[in-house]
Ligand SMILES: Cc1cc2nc3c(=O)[nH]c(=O)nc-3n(C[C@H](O)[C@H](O)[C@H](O)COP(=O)(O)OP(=O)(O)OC[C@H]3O[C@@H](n4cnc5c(N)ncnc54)[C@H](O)[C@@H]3O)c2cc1C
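The chain that follows stands alone, in the form predicted on its own, written as C-alpha cells.
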C-alpha cells in the first residue's frame, strides 16, 4: 500500500476490544495502513469472556496465516500460562448445567437427573479459557501500539462524510481531529455508531429469544464443587471439575452464569427470559433479591461474595437480542458482535466474532481495489452473519422454552452440541469454514427449525407428559445421528459426556 500522510489510512477501525485490535493487527500484516479508534480507555470492564474450541481453532489459524506467533499461545490454557501468566484467565473444560427448583435446595440422583456436563477438552493443559477481558483486551492494544499502528483512545467519531474517501471528525479529549480513510470497520460491539453515522436501524424484531442480563464480577465466591460436597452429592464420575467450566445454574425463568478466573475473581450474571414483560417495572435490586429468595442454593453462592472493584456494581442490560438491518454499505462494514447478538447461553460470542474477522479480512485481502467483487463479497458476508444469528436464536430460544423441564432442556441442548461438532469436524478436515455452526448446511437448518416447531407443539399450553418427553427424545436422537460422533443422548452416559472433544 502507498504511504500517505498522517491521519490518512487505508482502513480505519472503531472499537479496540479484542476483535478490533486483532483486525487491525491482521490488516497491517497484510500490508494495509490502519488506524484504530477507541471511545474509552484500557483497561476497562467488559463481558463476553468464555472461549470455545472453535474460537481456539480460529486463533491458531489467524496466528499462522498472518504471522502472529504470540497469538497461538492464547488458544490453550497451558500455553497461555507458560507464556503470559500475568494476563488473567480461567480454565474452561466444558459446559456444566445444574437445575434448580423454586424453594428447594439443589438436589439430584445417581443418574444426574438435574445435571449435565459436556466436556470440550481432554485436560486442563489443553482446555479452553475464560478471558478476563480487561487484561486480554489491554494486552492486544499494547500489541497494536508495539506494531506501530496509530491508536487513538478517548476518541469519539462525531460525523462521517464520504466523497471518494471517508472524512471522520473525531472528538478527542479537549480537541477535535479530522481522520481520513478509504474504508471503515465498525468493531464497537453495538449498533449505536452505525445508527448515528449511517442511519442503520438496530432492532430486536424477528428474534424468538427475549432475554436480559444482570451481572458483575465478584470476589470470594465459593467453589461449586465444595457446595456439592456439602449437599452430599457425589462428583466422582464428573468428567472435570465443574468450577473449571462455563458453569450454568438453570432456573425456571433463566440461568446464572459462573465463570471463574485464576485470581479468585468470578464473573456472575443472571440471564432472564422476559418474553412476558414481567420485569419491566422492577428495579435491578428487586429482581436480584427476588431470585436469591426464590432459589436457596443460589442465595448460598452469594452469601459471602463481594462485588469486585471493577465494575463495583451490578449492571442491568437492555434486551440482549438486536440486529442491524444492514451490516455493510459503501465503504464500510461491521464485525459480527456489532451486527447483532442473541444471548450468552452457549458462549458463542467470541467464536462468532472471530469467525467474522476471519471472513472479513480474507475478503479485504482478495478484493481490495475491485469495487464490484468487494461489494459482492460483503453481500455474502452479511448473508452469512444473518443466517448464523438466525440459527443461534432458534437453538437458544428452545433452551429457554425448556428450562422449567430440565429433561427436555437436556435433550434440546444436544442440537447445539451436534451443530458445534459438525463445525469442528469441518475445520479439522481443513475444509472451507463456511458459516459459523454450519448454518449453511441445509441438514443442520432443517433439523433445528423443524424440531423447534415440534417442541412448541408439546410445551405450548401444558407441562409435557412423560410420553411426550420420551417421544421427543427419540426424535432428537434420530435427527442428530448424522452428526453425533460423541454419544450424545446415550442413556449410559447419565448426562456426563467425557468424550465430545475434538482432537485439536
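Keep in mind the model is a prediction, meaning the values are calculated, not measured. Positions refer to the first chain, counted from 1.
There is another form of this protein, the form predicted in complex with the named molecule, and it is not shown here; the text below is about that form.
> Which one of 341, 328, 74, 400 is close to the named molecule in the predicted complex, taking close to mean a heavy atom within 4.5 Å?
Replying inline: Selected residue: 341.
> If you check 353, 209, 420, 127 against the named molecule in the predicted complex, which one has a heavy atom within 4.5 Å?
Replying inline: Selected option: 353.
> Since the chain is shown here on its own, which stretch among 43-51, 451-459, 472-480, 65-73 would lie within 4.5 Å of the named molecule in the predicted complex, judged by heavy atoms?
Replying inline: Partner-contacting stretch among the options: 43-51.
> Taking heavy atoms and a 4.5 Å cut-off, does residue 33 contact the named molecule in the predicted complex?
Replying inline: So residue 33 does not count as contacting the named molecule.
>> Would you classify residue 16 as touching the named molecule in the predicted complex, given a 4.5 Å non-hydrogen atom cut-off?
In response: Contact check for residue 16: yes, within 4.5 Å of the named molecule in the predicted complex.
>> Residue-level question: is residue 257 within 4.5 Å of the named molecule in the predicted complex, judged on heavy atoms?
In response: The answer is yes: residue 257 has a heavy atom within 4.5 Å of the named molecule.
> Just to confirm, residue 187 within 4.5 Å of the named molecule in the predicted complex by heavy atoms?
Replying inline: Yes, residue 187 is a contact residue.
> Can all three of 38, 320 and 337 be found with a heavy atom no more than 4.5 Å from the named molecule in the predicted complex?
Replying inline: Yes, the whole trio is in contact, each within 4.5 Å by some heavy atom.
> Looking at the named molecule in the predicted complex, which residues in 118-134 have at least one heavy atom within 4.5 Å of it?
Replying inline: Contacts from 118-134: just 133.
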